[in-house]
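One chain follows as structure tokens, the form predicted on its own.
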Amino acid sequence: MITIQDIQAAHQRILPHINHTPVVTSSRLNHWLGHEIHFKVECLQKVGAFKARGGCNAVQVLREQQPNIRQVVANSSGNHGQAVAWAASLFGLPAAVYMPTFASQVKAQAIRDYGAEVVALSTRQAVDQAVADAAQADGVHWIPPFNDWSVIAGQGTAMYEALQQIDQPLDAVFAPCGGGGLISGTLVATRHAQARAQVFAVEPKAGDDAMRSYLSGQIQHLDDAPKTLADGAMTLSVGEKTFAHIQQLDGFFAVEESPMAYWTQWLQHLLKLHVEPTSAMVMDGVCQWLRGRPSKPSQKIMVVLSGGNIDAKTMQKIWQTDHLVQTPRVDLGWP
């Protein structure tokens, strides 16, 4: 597992290049839920997602350790690809990003805008094989989206920062889980700064491989990319490095598609922020946990809003139903 020293070193390394994102809260939401929710707003991060942290750290570590580096490559459904493309351009390295054809087109275009080549393939399996093949060439180095020590340490800087920005003890910390890089770094940062706080991961029910891995004690694999609004969590499995951290979590929650759309609408409305479904789904996990807790005393919770990149097609799906007619509450049920 990574250590807090790895996260601290990553934070110092990337600090000149990233945004120091705020922690915000909504008094109206807190009133409705009866609990105190704080949000680390990584949708305001470079490239619009926390992934900038891991990408920036990994590129710098590679430049320090690999003097012969001539290109970086990545496989991604979007945000990690943007992060690697941005970080590579920042440090003068060519980059190529391998993506499935069903990935968000706004994310694919952003990768091109950062100067990287986009290689689109029909399946996640084809993408993963192609990037592994590309990395066999001399001077070409692969930056995986989550199963990499430098990436995990970089992602952990989001919670490392957040816990310095809040001057009170927390009861719980929540973050989304795709491949597990963010939740792994979040776990280590939280255990260091607030050992009493519980740490939970949330993922889409349609792609619950990480939750099943957590419950079974063995890495579970999906046969194909899940169909979900949470395009930042469409990984086929967690990695060996992230799984070592995931096993130490205090719990895991899976979320259906309807509450995902519901919370995307409500967080955008209440916080006045452009929030991805992958981020917003975490609030359903929070409510699932709170339903098993007493209403008093009020629980203090930190949520990582991991990103804010949504294409038009996904936005249309999110707003097919007007969820703003139903006020948030902890015991809100779903069919």
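A residue's number is simply how far along the shown sequence it sits, counting from 1. Everything numeric in this text was worked out from a predicted model, so none of it was measured.
Below, we refer to the form predicted in complex with a further copy of the same chain, which is not included among the displayed structures.
Counting only non-hydrogen atoms and a 4.5 Å threshold, tell me whether His20, Ser77 and Ser306 all contact a further copy of the same chain in the model of the complex.
No, the candidate spot makes no contact with a further copy of the same chain.
Proximity to a further copy of the same chain in the model of the complex, single hit among Tyr262, Tyr114, Phe174, Tyr214 (heavy atom within 4.5 Å):
Residue within 4.5 Å of the partner: Tyr114.
Options 281-289, 58-66, 294-302, 37-45; stretch whose heavy atom lies within 4.5 Å of a further copy of the same chain in the model of the complex:
Among the candidates, contact is made by 37-45.
Is there any non-hydrogen atom of Ile310 lying within 4.5 Å of a further copy of the same chain in the model of the complex?
Output for Ile310 is yes: heavy atoms within 4.5 Å of a further copy of the same chain.
Though only this chain appears here, would Leu93 touch a further copy of the same chain in the model of the complex if you measure heavy atom gaps against 4.5 Å?
Leu93 lies outside the contact set for a further copy of the same chain.
Answer yes if any heavy atom of Gln12 is within 4.5 Å of a heavy atom of a further copy of the same chain in the model of the complex; otherwise answer no.
No.
I'd like to check something about Arg28: if you look in the model of the complex, is any of its heavy atoms closer than or equal to 4.5 Å to a heavy atom of a further copy of the same chain?
Close contact exists here: in the model of the complex, Arg28 approaches a further copy of the same chain to within 4.5 Å, heavy atoms only.
Need the contact residues for 135-156: heavy atom within 4.5 Å of a further copy of the same chain in the model of the complex, sequence order, or none if there are none.
If the 4.5 Å heavy-atom criterion is applied to a further copy of the same chain in the model of the complex, 135-156 yields nothing.
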